[in-house]
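Quick setup: one chain, the form predicted on its own, written in C-alpha cells, and binding and motion questions come after.
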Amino acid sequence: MKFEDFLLMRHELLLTITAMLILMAEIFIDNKNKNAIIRGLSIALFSIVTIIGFLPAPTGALFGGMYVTSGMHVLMKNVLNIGFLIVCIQSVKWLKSDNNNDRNFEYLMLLTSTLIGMNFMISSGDFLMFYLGLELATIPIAALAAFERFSQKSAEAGVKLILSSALSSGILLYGISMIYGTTGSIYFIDIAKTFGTAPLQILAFIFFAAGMAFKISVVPFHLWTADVYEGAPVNITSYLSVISKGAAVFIFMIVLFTVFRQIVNMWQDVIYILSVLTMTIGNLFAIRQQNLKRFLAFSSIAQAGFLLLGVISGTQLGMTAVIYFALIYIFSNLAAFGVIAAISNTTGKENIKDYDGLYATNPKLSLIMTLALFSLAGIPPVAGFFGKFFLFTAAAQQGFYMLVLIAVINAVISLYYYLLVVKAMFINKSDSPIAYFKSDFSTRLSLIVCVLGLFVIGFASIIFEYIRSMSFGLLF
C-alpha cells in the first residue's frame, strides 16, 4: 500500500492530526492563557479541516474494501464538519465559565473523537468498520452528556445515554451477527449479492433497523432522547440533535440502499410505519413541553420522521433530499440552540415562559429564534421550506401520496407549537423579562453564519444541484 493511498482517509487523518496538536498544546503550553490558546487553536484547526474538505479528493477503497470513499461520502463528511465547527464556536462562552475553564482540552478531544468515529462509520465498507466507527462516535458523547460535573441532571443524562446506547448497540450487533451467519460475509458488496427474503435474514434486518432507530431517535425507540437532551449541556444537546443524528441517518441510508437493496419493498413498509409514528408522536409530545431543550428534543424526533420520507423513496432524488435537508437542519437547529445557549449561559433560564417579552429587551435574538423556528416548520422563504419540499417530492415520485399527506398534516401541527415560542417572545407580556445583554463575539459569529445559511441554502439552487451530482451513480 502506497502512502498516497492513505490520503483517501483525508478527513480522518486531518482530524487525528488536529487532536494531536490540541494534545501537544495542552502538554507544552504552560501559562495563564493556556485555555484561551487551546480554544482559539482548535477553532482555527477545525476551520482549516472544513475548508480542505471541499477541495478535490481521490476516491477508492482501502484495507480490502473495509474503508470506501466517493464524492458522496466526502460530501456527507463536509456537512458534518460544518455543523461541528459551528458547535465549537458556540461552545466558547460556555467553556470560559468557571466550571469548565480548566477542562477545555477534555471537551475538545472528546468532541473530535466522536467526529472521527462518525467519518469512519460513513466510509465503512463492511460491518466491522461500521461498528468500530459507531462505538468511537458513541462512547465519547456519553462522557460529554455528563460533562457538567456539578449537575445531577447532566450525570443522569450521561448514564441514560450510555445505557440506551449499549442496549441499541447490542441489538444492532445481534442483527449484524445474523447477517454474517446467513451470508458468510461482513462486506457490504458481498452481502448485497446474497441477501434475500429468508426468515432469518428478515429477522436480522429487523434487529439492525431497530438498533439504528435508537441512534436516530425514531419512534418507538425515542424514549431516551428528551431526558438526555434536557440534562446534557446545551452545546452537547445541539451536537446530539444535528451532528450525531445526521451521521446516523447518512449511514442508515447507505446501508439500506446498498446492503438491503434486494428487499427494498419490505424495508419501505417498515420505514413507512416508522415515519408516520415518528412525525406524529414527536409533534404531539412537543406541544406539551415547557423546557426548550425537551421542546427541541421532540421537535428533532419529528424532523427525523420527515427525513425518512427521503430514505423511503430509495432514489437518487431521495438521497439528495436527505443530505440537503440535513444541511438545512444543521443551520436551523444550531441557530435555535445558539439563542438558547446564549440566554442559558447568561441567565440560566431555559423554559418557554421565560421568553415572555423577549423581543422588547433582546430583539435580535428574538428574530434569529423566529427564523430558526420558521425554517424548522418549513415556512418560506427560509431554507426549511425547500428542504421539506424536496423530501415530499422524493416520496411522492414513488407513489407514497398518503405518507406525504400525513407529513403535510404534521407540518401544520409543528407550525402550531413553533408559533407558541414566537408568541411568547413577541406577544406575551412579562413583568420581569430577560434583561438586555450583549452576546460574546463567538456566539454572534455562529448565529450570523446560521442565519446566512438559512437564506443562502434555500435560494442557491446550485447547492442542491451539487449535492445531486455527487449522488449520481453511487447507489442502485
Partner chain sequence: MEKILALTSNQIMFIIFSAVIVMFSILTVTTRRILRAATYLLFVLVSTSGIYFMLQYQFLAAVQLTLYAGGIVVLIIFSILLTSHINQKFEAVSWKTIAFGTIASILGIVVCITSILQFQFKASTLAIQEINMKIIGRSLLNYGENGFVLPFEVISILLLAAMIAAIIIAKKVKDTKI
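All values reported here derive from a predicted model rather than from experimental measurement. Residue numbers count along the first chain shown, from 1.
Keep in mind the form predicted in complex with the partner chain is missing from the figure; the text below concerns it.
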Checklist entry - Which listed residue (A166, L128, I287, L367) meets the criterion of a heavy atom within 4.5 Å of the partner chain in the model of the complex? => result L128
Checklist entry - Can you pick the one in N78, T315, T182, S344 that has a heavy atom within 4.5 Å of the partner chain in the model of the complex? => result T182
Next on the checklist: Taking the partner chain as it sits in the model of the complex, is F147 in contact with it (heavy atom to heavy atom, 4.5 Å or less)?
Outcome noted: yes
Checklist entry - Contact between G71 and the partner chain in the model of the complex at 4.5 Å, heavy atoms? => result no
Checklist entry - Might F426 be said to contact the partner chain in the model of the complex, defining contact as any heavy atom within 4.5 Å? => result no
Checklist entry - Do I463 and the partner chain come within 4.5 Å of each other in the model of the complex, heavy atoms counted? => result no
Item to check | Per-stretch contact check against the partner chain in the model of the complex, the hit in 324-332, 131-139, 397-405, 221-229 (non-hydrogen atom, 4.5 angstroms) | outcome: 131-139
Next on the checklist: Heavy atom within 4.5 Å of the partner chain in the model of the complex: which residues of 203-218 meet that condition, in order?
Outcome noted: L203, F207
